[in-house]
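We begin with a single chain expressed as structure tokens, specifically the form predicted on its own.
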Amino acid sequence: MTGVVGSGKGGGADRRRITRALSAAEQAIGAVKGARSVAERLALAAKASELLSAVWQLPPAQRLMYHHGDRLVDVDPASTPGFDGGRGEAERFIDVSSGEIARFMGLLYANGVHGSQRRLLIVLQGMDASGKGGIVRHVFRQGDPMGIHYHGFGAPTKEELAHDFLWRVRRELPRPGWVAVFDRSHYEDIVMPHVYGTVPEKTWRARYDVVNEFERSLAADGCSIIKIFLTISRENQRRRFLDRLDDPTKLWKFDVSDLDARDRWDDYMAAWQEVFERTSTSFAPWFVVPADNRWYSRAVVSELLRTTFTTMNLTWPGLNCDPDEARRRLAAS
């Protein structure tokens, strides 16, 4: 997360570089459809992904990953580190990237059907109005709903409180071949008692080790994990809350508890800082993403997701029956 402060916005030359990279990526994607062999298709898809990544000065996976010693309060929520374009370029990037994400999701799902344990868990955290829901709608807009599971975690129910804090989380984990998106997560069971003292400190502090072991076991079993914290400014949150209050179609999003949390902003920042320090690991790192500009945070998540897929090195499963026999039966039917 080093060097997050700063706008990251460049001039015309930078935008032209981004435009050229996106055009080249679109050409490579178009060539994928005409490829005859699986190997050729995968090679062209990998090339397209590389060209998409070229729009970034430094990959978000490097630039925005939390490193021990980084401070959340030092991040400028209005910055766009690593991306020199503006909203137009970012939205074009998201559109092109979302198509590739849909392709990778199909590949992951196909492997799950054929016995692979590979799957993906995305954890989205952030203060209220940080844009978690919008990210899901934009980044996955071309994906097949068959392969994605979305779940939002609220306050625990009586049934959930009767079990250990990970019980409700385990029920929502992705199945083999699937992508699961958590809007809030098991980390709420550390941050909320940290801020409000709802359970003894000894209890919630012990959960750090439990969570690390939980995520370590998931990763060892084939589940990739992306943990994202969307950081916004107090002023930006205020504007978004006012927008909700002024729009009758968004009133349902607003709750007075949002203001209670806002009043304890500094306490939340301190709690999340400790979460990053204790639970950002090599197998499940945290990424702290500036989110005042939603087009930027959506582009970052799209990049993190697509590049995570590429590291899985998946290929299309082959036919699990005799093709000649299948053709014979089709000709006779």
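Worth saying up front: this structure is predicted, and the values here are computed from it rather than measured. Throughout, rigid core stands for the largest set of C-alpha atoms superposing within 1.5 Å between the two forms. Residue numbers run from 1 along the displayed sequence.
Separately, the form predicted in complex with a further copy of the same chain exists; it is not shown, and the next lines address it.
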Answer with yes or no whether residue 137 is in contact with a further copy of the same chain in the predicted bound form, where contact means some heavy atom within 4.5 Å. yes
With the cut-off set at 4.5 Å between non-hydrogen atoms, does residue 311 touch a further copy of the same chain in the predicted bound form? no
Just to confirm, residue 178 within 4.5 Å of a further copy of the same chain in the predicted bound form by heavy atoms? yes
Taking the shortest heavy atom distance, is residue 249 within 4.5 Å of a further copy of the same chain in the predicted bound form? yes
Going by heavy atom distances of 4.5 angstroms or less, which of 155, 161, 220, 259 would be at the interface with a further copy of the same chain in the predicted bound form? 259
Partner-facing stretch of 211 to 219, 88 to 96, 234 to 242, 193 to 201, counted where any non-hydrogen atom is within 4.5 angstroms of a further copy of the same chain in the predicted bound form: 234 to 242
Does a further copy of the same chain come within 4.5 Å of a heavy atom in each of 110, 114 and 145 in the predicted bound form? yes
With both forms fitted on the core, give yes or no for whether the Cα of residue 37 moves by 2 angstroms or more between the shown form and the other one. yes
